[in-house]
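Listed next as structure tokens is one chain, alone, in the form predicted alone.
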């Protein structure tokens, strides 16, 4: 599994902490920036990471970090094929993978500390997409343009 990681200036330190931890765990990390705490625009980093993730031929996931995780999530979700979830604790991170087949987790460095961020990322990475048909059906509907969906309650 390849992991793409990116952060703006607000998320740089947390990215470096997580990158070190995940490298020790044996993950293949591709760091798309930033490489310092110099001011950077989160959409640029999100677009770089999503382009690389979508073009990757091997299984890949992404981790994006900004001040709140919100900006990165909004920017990342602009690209077709991306399902980026902003999560600040392990339960939401795991359910984003299990129910929504999220392929990017977004974190807020001003919202979570290093240990909670580590636990949140670990939950995201160790959880797979549910085999339940209802989750597959719902993820397919996310890919439809113009809201061409049928309402169902299950």
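Source: prediction; values computed, not measured. Positions refer to the first chain, counted from 1.
Another form, the form predicted in complex with a small molecule, is not on view; read the next lines as being about it.
Undergrad: Spell out, yes or no, whether the shortest heavy atom distance between residue 22 and the small molecule in the predicted complex is within 4.5 Å.
TA: No.
Undergrad: For residue 127, is any heavy atom within 4.5 Å of the small molecule in the predicted complex, or not?
TA: No.
Undergrad: Report yes if any heavy atom of residue 116 sits within 4.5 Å of a heavy atom of the small molecule in the predicted complex; otherwise report no.
TA: Result no; residue 116 lies far from the small molecule in the predicted complex.
Undergrad: Report whether the minimum heavy atom distance between residue 104 and the small molecule in the predicted complex is within 4.5 Å.
TA: Residue-level check for residue 104: no, no contact with the small molecule.
Undergrad: So if I measure heavy atom distances to the small molecule in the predicted complex, which of the stretches 27 to 35, 116 to 124, 60 to 68, 88 to 96 falls within 4.5 Å?
TA: Contact criterion met by 60 to 68 only.
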